[in-house]
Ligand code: KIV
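A lone chain, given as structure tokens: the form predicted alone.
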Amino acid sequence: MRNVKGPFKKYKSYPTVDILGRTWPDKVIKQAPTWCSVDLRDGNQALSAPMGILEKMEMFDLLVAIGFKEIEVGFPSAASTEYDFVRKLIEEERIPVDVTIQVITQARENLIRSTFESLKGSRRAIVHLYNSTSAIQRQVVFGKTKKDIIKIATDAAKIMSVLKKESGNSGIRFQYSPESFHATELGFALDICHAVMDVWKPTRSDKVILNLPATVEMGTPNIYADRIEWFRRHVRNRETVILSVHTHNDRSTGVAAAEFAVMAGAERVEGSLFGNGERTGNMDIVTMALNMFSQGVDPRLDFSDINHIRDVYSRCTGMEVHPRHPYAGELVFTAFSGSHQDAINKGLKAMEGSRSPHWNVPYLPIDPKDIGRSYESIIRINSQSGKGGVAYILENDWGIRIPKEMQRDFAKVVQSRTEKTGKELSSVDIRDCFDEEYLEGTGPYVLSPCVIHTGDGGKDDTTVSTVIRNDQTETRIEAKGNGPVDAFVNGIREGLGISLDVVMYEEHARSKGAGADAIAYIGIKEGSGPISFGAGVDANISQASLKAVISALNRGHAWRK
């Protein structure tokens, strides 16, 4: 019988690291690593339509504006566009003095020479050398021994040393990556790195970058961190080495692996914006940097206008940012759940009156405004939403502070609308829904212009005079009370024979200034029947109050019939 769960036994678990006294789990990231963007190389090669020179230049300028000090700009020996772009950067002096470009090359003499030619006239550059070192690559792809693989790397390293000396450019630095480090025996990875170091002879003032890539993510992030700590402990002349990592996202834990690697001793991290790259992508620098930001650590990268960054990225690469992408996704700072909306609403109000310097709002790990996002889209209304979210939108967008007692009533109205349409309601839709239900709703009772006279403040000193039309009947109301609402309700009791009690009343101005109108909310109850809520708007608060009573009277007509 076929195993319905799939042939999982054909796979073997990723090997752990024999390491005692690991220290990285107790570490806390307190400062940002050196970042190196690989958007223009690793990210670019993964596009169905790779960027041309114009797109690469726009992306380069964006990366500089964000604050990257090391940018891998291309693979100049791989294609004319790549070579020409490097030359354009140098010849047009487009590289800021504090930015170092990086170029990558395979361990082949003709490619290395072409790479160095592309760098003529550069102030500072990193030449990134790599060759595959994993057991499967050695045995299946190349059919070579460990000794053969080391010779490929050291022969290339020797050529690079000679070319650097011939160039006379002391601003050129070297980086070596044992590609597929994740699948390379740790001892062999160390051996080949030591062999390359023996050729380059790094010093404290001229360090070598040893980049240890998880070219394909195959194990849990903790094992990758163990590998980095093991390597850090065993590498020779550690003071001459910059330990770098380059993780991928095949197991969807590329960011976690890079974070753990920094805790394990890595000083430099390669990655790309929004994780663009081969297969499931590179490590997402936006997420890792803003993770640090959310912990009070300066990421040394500026993502304060994430919408602009996202727009440039999409325009240059043709790739879209997932709506659930951390920090940058369209939906990441939104809540549809009623309980979440209520908590966010209350949290934002608490922050307004708080003296604490620290952000603390439920469901929002950072303040959206810190990365150029607005509060407008935090609350999104669908059939799963609750009263808190609806109340937030009315108040935040339209200045309608619907009373707590009335929120559930209106939430039912909104839910009925969303269930009928099956769609999300916009802020305008919700406002229209409120207007139609409370301010424009039809019913048997129509209020004529009324006169309100207020006396000297004594008992029953307010008189309301008006006419209420009910179908073909007109009822004149003239009654006294302690205020306009009390007098009007007394008149309804006497004139229409409806025994009403006011159980809730609130009012406020909807805007500031001389032209501001007022809104009144009321809840009325007849006998043991349910509460009927209404609202009214007018430049005069007393008139708004009477309109609210009629609104509630009409909405309660259905259960009185």
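Just so it is clear, the structure is predicted and the values come from calculations on it, not from any experiment. One-based numbering along the sequence shown.
One more form of this protein exists, namely the form predicted together with ligand KIV; it is left out here, but the text below deals with it.
Here is the short version: of I71, V286, I104, V414, the single residue with a heavy atom within 4.5 Å of ligand KIV in the predicted bound form is I104.
Contact with ligand KIV in the predicted bound form, judged by any heavy atom within 4.5 Å, is made by just one of P368, P403, P213, G265: P213. Residues within 4.5 angstroms of ligand KIV in the predicted bound form, judged by any non-hydrogen atom, belong to 128 to 136 and to none of the other stretches in 302 to 310, 128 to 136, 479 to 487, 389 to 397. Ligand KIV in the predicted bound form comes within 4.5 Å of no heavy atom belonging to K56. Contact annotation for S244: none of its heavy atoms lies within 4.5 Å of ligand KIV in the predicted bound form. For the chain shown alone, H248 is a contact residue for ligand KIV in the predicted bound form, at least one non-hydrogen atom being within 4.5 angstroms. The closest heavy atom approach of D342 to ligand KIV in the predicted bound form falls outside 4.5 Å. Contacts between 25 to 50 and ligand KIV, taken as any heavy atom within 4.5 Å in the predicted bound form, involve R41, D42.
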